[in-house]
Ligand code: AMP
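One chain follows as C-alpha coordinates, the form predicted on its own.
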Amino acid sequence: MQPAILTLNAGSSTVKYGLFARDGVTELARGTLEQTGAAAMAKALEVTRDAKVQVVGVGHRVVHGGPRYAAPALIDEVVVEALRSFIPLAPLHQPHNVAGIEAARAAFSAVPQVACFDTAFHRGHALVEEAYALPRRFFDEGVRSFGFHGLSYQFIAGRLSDVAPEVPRGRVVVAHLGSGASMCAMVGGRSVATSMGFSTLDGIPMGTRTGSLDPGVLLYLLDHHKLSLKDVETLLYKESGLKGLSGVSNDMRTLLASDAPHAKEAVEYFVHHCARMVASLATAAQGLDALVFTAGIGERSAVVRARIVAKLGWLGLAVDAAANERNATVISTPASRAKVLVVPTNEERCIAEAVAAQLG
(Lines give C-alpha, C1' and ligand atoms only; values in the text may rest on other atoms or scores of the structure.)
Protein backbone atom coordinates (compact mmCIF):
# COMPACT_ATOMS: atom_id res chain seq x y z
CA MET A 1 0.00 0.00 0.00
CA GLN A 2 1.06 3.58 -0.64
CA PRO A 3 2.60 5.30 2.42
CA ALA A 4 0.59 8.39 3.40
CA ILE A 5 0.35 11.20 5.92
CA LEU A 6 -2.96 11.80 7.69
CA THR A 7 -3.83 15.32 8.86
CA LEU A 8 -6.50 15.91 11.48
CA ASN A 9 -8.28 19.07 12.65
CA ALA A 10 -10.46 18.12 15.63
CA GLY A 11 -13.36 20.43 16.47
CA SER A 12 -16.26 20.28 18.90
CA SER A 13 -18.50 18.17 16.65
CA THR A 14 -16.44 17.21 13.60
CA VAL A 15 -12.95 16.17 12.55
CA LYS A 16 -11.58 17.45 9.24
CA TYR A 17 -9.02 15.17 7.67
CA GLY A 18 -6.60 15.14 4.77
CA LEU A 19 -4.54 12.37 3.19
CA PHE A 20 -1.23 13.26 1.55
CA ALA A 21 1.53 11.29 -0.11
CA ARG A 22 4.71 10.68 1.87
CA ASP A 23 6.20 13.91 0.44
CA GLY A 24 3.60 15.96 2.32
CA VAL A 25 2.70 17.79 -0.90
CA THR A 26 0.56 15.54 -3.08
CA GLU A 27 -3.02 15.52 -1.80
CA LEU A 28 -4.81 12.17 -2.03
CA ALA A 29 -8.12 12.94 -0.28
CA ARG A 30 -9.82 15.22 2.20
CA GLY A 31 -13.13 15.35 3.99
CA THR A 32 -15.05 15.89 7.22
CA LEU A 33 -15.99 13.23 9.74
CA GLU A 34 -19.26 13.99 11.54
CA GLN A 35 -17.90 12.39 14.70
CA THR A 36 -15.28 13.12 17.35
CA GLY A 37 -12.94 11.22 19.65
CA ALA A 38 -12.50 7.46 19.30
CA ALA A 39 -15.44 7.20 16.90
CA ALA A 40 -13.83 9.68 14.52
CA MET A 41 -10.50 7.83 14.67
CA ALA A 42 -12.22 4.54 13.92
CA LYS A 43 -13.79 6.21 10.90
CA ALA A 44 -10.39 7.62 9.91
CA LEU A 45 -9.04 4.08 9.91
CA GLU A 46 -11.81 3.09 7.52
CA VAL A 47 -10.97 6.05 5.27
CA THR A 48 -7.32 5.04 5.07
CA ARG A 49 -8.26 1.44 4.31
CA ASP A 50 -10.68 2.55 1.58
CA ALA A 51 -7.96 4.77 0.11
CA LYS A 52 -5.56 1.79 0.18
CA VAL A 53 -2.84 3.71 1.99
CA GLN A 54 -0.62 2.95 4.96
CA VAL A 55 -0.47 5.84 7.42
CA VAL A 56 3.18 6.56 8.27
CA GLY A 57 2.59 9.83 10.14
CA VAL A 58 -0.26 11.87 11.61
CA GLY A 59 -0.35 15.66 11.87
CA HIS A 60 -2.70 17.59 14.15
CA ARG A 61 -3.84 21.17 14.00
CA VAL A 62 -3.59 22.56 17.54
CA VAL A 63 -5.01 26.02 18.16
CA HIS A 64 -2.70 27.01 21.00
CA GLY A 65 0.99 26.36 21.54
CA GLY A 66 1.35 28.92 24.32
CA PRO A 67 4.64 30.76 24.73
CA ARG A 68 6.54 27.46 24.50
CA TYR A 69 6.10 26.21 20.93
CA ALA A 70 7.43 28.16 17.97
CA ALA A 71 7.59 25.13 15.63
CA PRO A 72 5.80 21.79 15.11
CA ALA A 73 6.46 19.27 17.89
CA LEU A 74 6.71 15.48 17.81
CA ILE A 75 4.00 14.36 20.22
CA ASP A 76 4.86 12.50 23.40
CA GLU A 77 3.46 12.56 26.94
CA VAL A 78 5.38 15.72 27.79
CA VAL A 79 3.86 17.56 24.81
CA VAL A 80 0.35 16.30 25.57
CA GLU A 81 0.66 17.50 29.16
CA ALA A 82 1.85 20.91 27.94
CA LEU A 83 -1.13 21.16 25.59
CA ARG A 84 -3.47 20.39 28.47
CA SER A 85 -1.87 23.22 30.44
CA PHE A 86 -2.82 25.64 27.63
CA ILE A 87 -6.55 24.82 27.88
CA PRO A 88 -7.24 27.97 30.00
CA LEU A 89 -5.76 30.04 27.14
CA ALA A 90 -8.18 28.56 24.56
CA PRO A 91 -11.03 26.85 26.45
CA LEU A 92 -13.34 26.56 23.42
CA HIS A 93 -10.79 24.92 21.11
CA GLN A 94 -7.89 23.33 22.97
CA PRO A 95 -9.87 20.58 24.78
CA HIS A 96 -11.09 19.22 21.43
CA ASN A 97 -7.57 19.35 19.99
CA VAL A 98 -6.18 17.41 22.97
CA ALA A 99 -9.02 14.87 22.86
CA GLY A 100 -8.39 14.36 19.14
CA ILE A 101 -4.69 13.77 19.75
CA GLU A 102 -5.37 11.25 22.51
CA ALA A 103 -7.85 9.34 20.34
CA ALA A 104 -5.48 9.39 17.35
CA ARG A 105 -2.57 8.13 19.44
CA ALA A 106 -4.73 5.18 20.48
CA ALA A 107 -5.90 4.50 16.93
CA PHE A 108 -2.52 5.03 15.21
CA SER A 109 -0.21 4.02 18.04
CA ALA A 110 2.61 2.74 15.83
CA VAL A 111 3.28 5.93 13.84
CA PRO A 112 4.83 9.32 14.72
CA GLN A 113 2.36 12.12 15.39
CA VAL A 114 3.09 15.84 15.13
CA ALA A 115 1.36 18.85 16.68
CA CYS A 116 1.21 21.94 14.44
CA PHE A 117 0.25 25.15 16.21
CA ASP A 118 -1.85 28.06 14.99
CA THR A 119 0.11 30.36 17.29
CA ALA A 120 3.66 29.23 16.37
CA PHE A 121 4.14 31.42 13.28
CA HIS A 122 3.73 34.55 15.42
CA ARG A 123 6.25 33.67 18.12
CA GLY A 124 9.15 36.10 18.18
CA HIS A 125 7.12 39.31 17.95
CA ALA A 126 8.64 42.38 19.55
CA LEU A 127 7.40 43.23 23.05
CA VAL A 128 5.49 46.24 21.70
CA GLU A 129 3.36 43.81 19.65
CA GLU A 130 3.13 40.99 22.16
CA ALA A 131 2.48 42.72 25.49
CA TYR A 132 -0.63 44.40 26.86
CA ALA A 133 -0.32 47.49 29.06
CA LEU A 134 -1.16 45.51 32.19
CA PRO A 135 1.06 44.93 35.22
CA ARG A 136 4.05 42.89 34.01
CA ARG A 137 3.14 39.86 36.15
CA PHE A 138 0.26 39.08 33.80
CA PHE A 139 2.60 39.00 30.79
CA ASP A 140 4.89 36.62 32.69
CA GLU A 141 1.84 34.46 33.45
CA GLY A 142 1.03 34.19 29.73
CA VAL A 143 -1.48 37.01 29.22
CA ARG A 144 -0.09 38.31 25.96
CA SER A 145 -0.94 38.58 22.28
CA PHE A 146 -0.41 35.18 20.69
CA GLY A 147 -2.07 35.54 17.29
CA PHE A 148 -3.76 32.72 15.38
CA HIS A 149 -4.30 31.38 11.83
CA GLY A 150 -0.55 30.79 11.82
CA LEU A 151 -0.74 27.65 9.68
CA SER A 152 -2.54 29.60 6.98
CA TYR A 153 0.01 32.43 7.11
CA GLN A 154 2.91 29.99 7.05
CA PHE A 155 1.49 28.34 3.94
CA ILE A 156 1.00 31.70 2.21
CA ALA A 157 4.54 32.78 3.12
CA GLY A 158 5.84 29.65 1.41
CA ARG A 159 3.68 30.13 -1.68
CA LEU A 160 4.53 33.76 -2.37
CA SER A 161 7.90 32.96 -3.94
CA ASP A 162 6.04 30.91 -6.59
CA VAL A 163 3.32 33.43 -7.43
CA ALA A 164 5.25 36.70 -7.01
CA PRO A 165 9.00 36.07 -6.60
CA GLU A 166 9.86 39.63 -5.59
CA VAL A 167 7.23 39.86 -2.84
CA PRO A 168 8.43 37.48 -0.07
CA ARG A 169 11.50 39.61 0.67
CA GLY A 170 9.34 42.67 1.21
CA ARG A 171 6.57 43.99 3.44
CA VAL A 172 3.34 42.03 3.07
CA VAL A 173 -0.06 42.14 4.74
CA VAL A 174 -2.04 38.90 4.42
CA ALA A 175 -5.82 39.09 4.97
CA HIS A 176 -7.22 35.71 6.04
CA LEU A 177 -10.90 36.53 5.59
CA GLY A 178 -13.39 33.81 6.41
CA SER A 179 -15.95 33.07 9.09
CA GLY A 180 -12.98 33.48 11.40
CA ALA A 181 -10.90 36.38 10.13
CA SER A 182 -7.56 37.95 10.90
CA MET A 183 -4.61 39.69 9.25
CA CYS A 184 -0.86 39.35 9.53
CA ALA A 185 2.02 41.67 8.64
CA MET A 186 5.14 39.89 7.36
CA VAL A 187 8.60 41.20 6.62
CA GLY A 188 10.90 38.83 4.76
CA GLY A 189 8.36 36.03 5.20
CA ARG A 190 8.23 36.33 9.00
CA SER A 191 5.30 37.53 11.09
CA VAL A 192 5.93 40.89 12.76
CA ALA A 193 2.35 41.76 13.80
CA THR A 194 -1.13 40.27 13.64
CA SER A 195 -4.69 41.36 14.35
CA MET A 196 -5.75 38.55 16.69
CA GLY A 197 -4.35 38.73 20.20
CA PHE A 198 -4.79 36.75 23.41
CA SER A 199 -7.85 35.04 21.95
CA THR A 200 -9.54 34.47 18.60
CA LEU A 201 -11.96 37.31 19.41
CA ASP A 202 -9.59 40.21 18.76
CA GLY A 203 -8.98 42.23 15.60
CA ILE A 204 -11.35 42.54 12.66
CA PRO A 205 -15.05 41.55 12.89
CA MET A 206 -15.90 37.97 11.95
CA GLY A 207 -18.91 35.84 11.14
CA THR A 208 -20.14 35.57 14.72
CA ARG A 209 -17.23 37.07 16.72
CA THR A 210 -16.88 40.71 17.71
CA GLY A 211 -13.36 41.61 16.72
CA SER A 212 -11.77 44.38 18.80
CA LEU A 213 -13.99 45.57 21.63
CA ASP A 214 -13.53 48.21 24.31
CA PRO A 215 -13.13 46.23 27.58
CA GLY A 216 -15.37 48.82 29.19
CA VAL A 217 -18.25 47.27 27.23
CA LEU A 218 -17.66 43.99 29.07
CA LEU A 219 -17.71 45.75 32.43
CA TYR A 220 -21.00 47.40 31.44
CA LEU A 221 -22.56 44.10 30.33
CA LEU A 222 -21.50 42.35 33.52
CA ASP A 223 -22.61 45.16 35.83
CA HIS A 224 -25.63 46.76 34.16
CA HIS A 225 -27.11 43.76 32.31
CA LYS A 226 -26.00 41.26 34.97
CA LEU A 227 -24.81 38.81 32.33
CA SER A 228 -23.00 35.74 33.57
CA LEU A 229 -19.52 34.92 32.28
CA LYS A 230 -21.06 32.13 30.18
CA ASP A 231 -23.60 34.58 28.72
CA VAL A 232 -20.79 36.96 27.78
CA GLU A 233 -18.78 34.14 26.22
CA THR A 234 -21.77 33.09 24.09
CA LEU A 235 -22.46 36.70 23.09
CA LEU A 236 -18.88 37.42 22.01
CA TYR A 237 -18.16 34.14 20.21
CA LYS A 238 -21.51 33.12 18.74
CA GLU A 239 -23.96 36.04 18.53
CA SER A 240 -21.87 39.01 17.39
CA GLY A 241 -19.87 39.98 14.30
CA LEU A 242 -21.71 39.97 10.97
CA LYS A 243 -24.52 37.92 12.47
CA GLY A 244 -25.13 40.30 15.33
CA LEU A 245 -24.78 43.51 13.33
CA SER A 246 -27.00 42.39 10.46
CA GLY A 247 -29.59 40.35 12.29
CA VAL A 248 -29.67 38.38 9.04
CA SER A 249 -26.74 36.00 8.72
CA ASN A 250 -23.08 35.39 9.47
CA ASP A 251 -22.50 34.39 5.83
CA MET A 252 -21.03 37.14 3.66
CA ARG A 253 -22.68 35.71 0.53
CA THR A 254 -26.12 36.02 2.12
CA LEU A 255 -25.43 39.56 3.29
CA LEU A 256 -24.21 40.71 -0.13
CA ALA A 257 -27.38 39.32 -1.72
CA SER A 258 -29.70 40.89 0.87
CA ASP A 259 -31.56 44.18 0.51
CA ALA A 260 -31.96 44.52 4.29
CA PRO A 261 -30.41 47.81 5.51
CA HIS A 262 -28.69 46.13 8.45
CA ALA A 263 -27.14 43.55 6.11
CA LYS A 264 -25.62 46.34 4.01
CA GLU A 265 -24.37 48.08 7.15
CA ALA A 266 -22.73 44.87 8.38
CA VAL A 267 -20.85 44.47 5.10
CA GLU A 268 -19.71 48.10 5.22
CA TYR A 269 -18.58 47.66 8.83
CA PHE A 270 -16.51 44.61 7.84
CA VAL A 271 -14.95 46.40 4.85
CA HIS A 272 -14.19 49.52 6.87
CA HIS A 273 -12.44 47.67 9.69
CA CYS A 274 -10.51 45.44 7.29
CA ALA A 275 -9.13 48.53 5.52
CA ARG A 276 -8.24 50.12 8.87
CA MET A 277 -6.38 46.98 9.90
CA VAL A 278 -4.38 46.85 6.65
CA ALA A 279 -3.19 50.40 7.31
CA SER A 280 -2.34 49.57 10.92
CA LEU A 281 -0.33 46.49 9.97
CA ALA A 282 1.44 48.39 7.19
CA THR A 283 2.67 50.73 9.93
CA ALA A 284 3.98 47.75 11.90
CA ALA A 285 5.78 46.51 8.76
CA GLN A 286 7.01 50.04 7.97
CA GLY A 287 5.56 49.92 4.48
CA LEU A 288 3.50 47.83 2.10
CA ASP A 289 4.76 45.98 -0.96
CA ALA A 290 1.85 43.55 -1.28
CA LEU A 291 -1.63 42.86 0.07
CA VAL A 292 -2.69 39.20 -0.12
CA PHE A 293 -6.28 37.97 0.19
CA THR A 294 -6.92 34.38 1.27
CA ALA A 295 -9.53 32.07 2.94
CA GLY A 296 -13.23 31.83 2.06
CA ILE A 297 -14.18 35.50 1.63
CA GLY A 298 -10.69 36.59 0.61
CA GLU A 299 -10.42 33.99 -2.14
CA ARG A 300 -13.97 34.18 -3.50
CA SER A 301 -15.55 37.59 -2.93
CA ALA A 302 -14.49 40.02 -5.63
CA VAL A 303 -16.92 42.59 -4.22
CA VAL A 304 -15.39 42.60 -0.74
CA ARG A 305 -11.83 42.69 -2.11
CA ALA A 306 -12.64 45.61 -4.40
CA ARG A 307 -14.32 47.58 -1.61
CA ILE A 308 -11.45 47.06 0.81
CA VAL A 309 -8.84 48.12 -1.75
CA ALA A 310 -10.94 51.14 -2.77
CA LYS A 311 -10.64 52.40 0.83
CA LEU A 312 -6.87 52.02 0.52
CA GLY A 313 -6.59 54.16 -2.59
CA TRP A 314 -4.78 56.82 -0.56
CA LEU A 315 -1.96 54.27 -0.17
CA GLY A 316 -1.76 53.99 -3.94
CA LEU A 317 -3.49 50.59 -4.21
CA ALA A 318 -5.71 49.90 -7.20
CA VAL A 319 -7.54 46.79 -8.46
CA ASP A 320 -8.00 45.65 -12.05
CA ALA A 321 -11.76 44.98 -12.14
CA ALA A 322 -11.60 42.19 -14.74
CA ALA A 323 -8.76 40.34 -13.00
CA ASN A 324 -10.54 40.70 -9.68
CA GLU A 325 -13.81 39.28 -11.07
CA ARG A 326 -12.08 36.14 -12.34
CA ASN A 327 -10.20 35.65 -9.05
CA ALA A 328 -6.84 35.96 -10.78
CA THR A 329 -3.67 35.61 -8.72
CA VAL A 330 -2.61 39.21 -9.38
CA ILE A 331 -5.60 41.56 -9.26
CA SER A 332 -3.82 44.92 -8.97
CA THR A 333 -3.30 47.30 -11.87
CA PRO A 334 0.22 47.89 -13.21
CA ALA A 335 0.08 51.38 -11.68
CA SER A 336 -0.79 50.12 -8.18
CA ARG A 337 1.87 51.12 -5.68
CA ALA A 338 1.67 47.66 -4.07
CA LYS A 339 0.70 44.33 -5.59
CA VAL A 340 -2.70 42.95 -4.64
CA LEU A 341 -2.85 39.14 -4.79
CA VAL A 342 -5.35 36.32 -4.29
CA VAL A 343 -3.62 33.20 -2.98
CA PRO A 344 -5.64 30.16 -1.82
CA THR A 345 -4.53 28.82 1.54
CA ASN A 346 -4.06 25.17 2.48
CA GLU A 347 -3.57 24.56 6.20
CA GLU A 348 -3.77 20.78 5.75
CA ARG A 349 -0.83 20.79 3.37
CA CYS A 350 1.14 22.94 5.81
CA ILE A 351 0.54 20.28 8.47
CA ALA A 352 1.45 17.44 6.08
CA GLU A 353 4.70 19.14 5.14
CA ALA A 354 5.60 19.47 8.83
CA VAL A 355 4.98 15.75 9.33
CA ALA A 356 7.06 14.91 6.26
CA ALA A 357 9.91 17.01 7.68
CA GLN A 358 9.72 15.14 10.99
CA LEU A 359 9.75 11.80 9.18
CA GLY A 360 12.94 12.87 7.40
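Because the structure is a prediction, the values reported are computed rather than measured. Residue indices: 1-based, along the sequence shown.
Below: the form predicted together with adenosine monophosphate (AMP), not depicted.
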Verify the contact flag for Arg190: yes if a non-hydrogen atom of it lies within 4.5 Å of a non-hydrogen atom of adenosine monophosphate (AMP) in the model of the complex, no if not. no
Hey, in the model of the complex, is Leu256 touching adenosine monophosphate (AMP), heavy atoms inside 4.5 Å? yes
Evaluate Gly244 for contact with adenosine monophosphate (AMP) in the model of the complex, applying a 4.5 angstroms cut-off between non-hydrogen atoms, and reply yes or no. no
Does adenosine monophosphate (AMP) get within 4.5 angstroms of any non-hydrogen atom of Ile297 in the model of the complex? yes
Tell me the stretch among 129-137, 108-116, 175-183, 195-203 that has any heavy atom within 4.5 angstroms of adenosine monophosphate (AMP) in the model of the complex. 175-183
So which of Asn250, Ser145, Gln94, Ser152 gets a non-hydrogen atom within 4.5 Å of adenosine monophosphate (AMP) in the model of the complex? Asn250
Residue (of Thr48, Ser332, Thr36, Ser301) lying close to adenosine monophosphate (AMP) in the model of the complex, criterion heavy atoms within 4.5 Å: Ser301
